Ligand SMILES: Cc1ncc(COP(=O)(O)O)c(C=O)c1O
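Take a look at this single chain in structure tokens; it is the form predicted alone.
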Amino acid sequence: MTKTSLLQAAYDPEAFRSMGYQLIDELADYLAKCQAGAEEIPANPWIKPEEARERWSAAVDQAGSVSSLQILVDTLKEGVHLHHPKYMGHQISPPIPITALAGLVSDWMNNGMGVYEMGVPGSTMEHLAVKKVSQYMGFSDAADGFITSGGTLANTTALLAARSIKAQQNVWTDGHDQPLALMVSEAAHYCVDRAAKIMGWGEKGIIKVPVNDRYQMKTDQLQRLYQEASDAGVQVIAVVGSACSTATGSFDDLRAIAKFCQQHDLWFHVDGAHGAALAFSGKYKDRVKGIELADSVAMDFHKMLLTPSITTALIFKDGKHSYQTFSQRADYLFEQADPEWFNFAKRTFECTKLMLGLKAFITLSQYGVKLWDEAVTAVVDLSQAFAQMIKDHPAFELAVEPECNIVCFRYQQEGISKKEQNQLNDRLRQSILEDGEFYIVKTWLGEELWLRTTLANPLSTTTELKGLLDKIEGFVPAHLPA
């Protein structure tokens, strides 16, 4: 086969049509089986790393030896199944079908969103989706932002903007000779630490605020820590509030943090990658009260809003601030050109930017925010029910009352040490992983290991949760200390 004929075959419209129809049928059947909890589709069909590498080696070593459709079907079969009601693992939600189709179209078009002329529909949709999100967070029409590739990038971008606006030196052009710092809960996501270190602030640039027994920031410690930093010659420029924390799903007191930031002219950023979505829940939106007082907010669509990863909104209360991430002063930028909401390369790290807005926009256009309200409310309701089941079960212990859809718990065995308790629960989690029927994870809270579920599937029920507890109990005898 010549190079030309191989290219022609790769772009053949009819071959694409045929495989596409077959793949959609496979996906639809898969979705139906997942929703029915079919036994042939476990939540996590676990395969050990070396086995997986051997399993897939032939396909890449001998091009064409396995059909494209078979590779796609096998990928679907062997991956973790987020649409299964027994998936309760990491913080990522099962996308609704229409968003996956939107992803197909955006991948097919391959239009970069850095400049408007390259992505007219995608840029416009992204802008409108961001404006709708900011409205539900309680911001005015002056708010604006964009969608970027994940919470880590969004948080870093926001803190770069904070540095440009709040630092008492021209950091962008001259660097900084005075130490800079941010304040954040000790239970916050590690990406905030990473952002400070990327900016060259080092360990001293990350001032950890202690948490209470619910893993919420002790806001009464802010003044003391701020004063200590100032006395040491460190300029604190920002406070980051968690909405919510990764390990336990706990929400910081955003209003108290906002008040403190106003008193000291600090940037207030909310890492709402997971929990800011509660702004769409009529029942639970009070848990993010104060979010409208933030200077910037990061929120992942892919954690609770039924959207494929990795899709994160970064909202600025004052949209003009979104142009200051990569410039020390707004007047410097605006002398060159007026702010342009439609040219995202001026505000984001990405130059060849994915058409991320289409996935959020198509959900809004077809279902409105009502679908997000139903989904968020359903999973938080389920977490409350699961917490009660754990409290009512004599063999299990709840770490903290859940505020979101994250529940931490563990099996309690009488008469064993803390170390043995940790080892027991670690082994129980490993057994769950290798068994495959359910998928859960684990976390450390202080010196204690806990089992951790994120109830991301709004179609999961208490039936699956009871089954999980029964499954864990069944593994206990094999793992008790001798």
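Note that residue numbering begins at 1 and tracks the sequence as displayed. Everything numeric in this text was worked out from a predicted model, so none of it was measured.
This next part talks about the form predicted together with this ligand, which is not shown.
> Of Q324, T156, T363, Q91, which one comes within 4.5 Å of this ligand in the predicted complex, counting heavy atoms only?
The residue from Q324, T156, T363, Q91 that makes the contact is Q91.
> Within 4.5 Å of this ligand in the predicted complex, heavy atoms considered, which of A294, V407, V376, C244?
It is C244.
> Using a 4.5 Å heavy atom cut-off, indicate which stretch of 145 to 153, 201 to 209, 103 to 111, 340 to 348 touches this ligand in the predicted complex.
It is the stretch 145 to 153.
> When the contact criterion is heavy atoms within 4.5 Å, does C191 count as touching this ligand in the predicted complex?
Output for C191 is yes: heavy atoms within 4.5 Å of this ligand.
> Heavy atoms within 4.5 Å of this ligand in the predicted complex: does A277 have any?
Contact check for A277: no, nothing within 4.5 Å of this ligand in the predicted complex.
> Is E403 a contact residue for this ligand in the predicted complex, using a 4.5 Å heavy atom cut-off?
Output for E403 is no: heavy atoms all beyond 4.5 Å of this ligand.
> Since only the chain is shown here, I'm wondering whether A273 would be in contact with this ligand in the predicted complex (any heavy atom pair within 4.5 Å).
Yes, A273 is a contact residue.
> Can you list, in sequence order, the residues from 272 to 307 that come within 4.5 Å of this ligand in the predicted complex, counting heavy atoms only?
In sequence order, A273, H274, D300, H302, K303 come within 4.5 Å of the partner.
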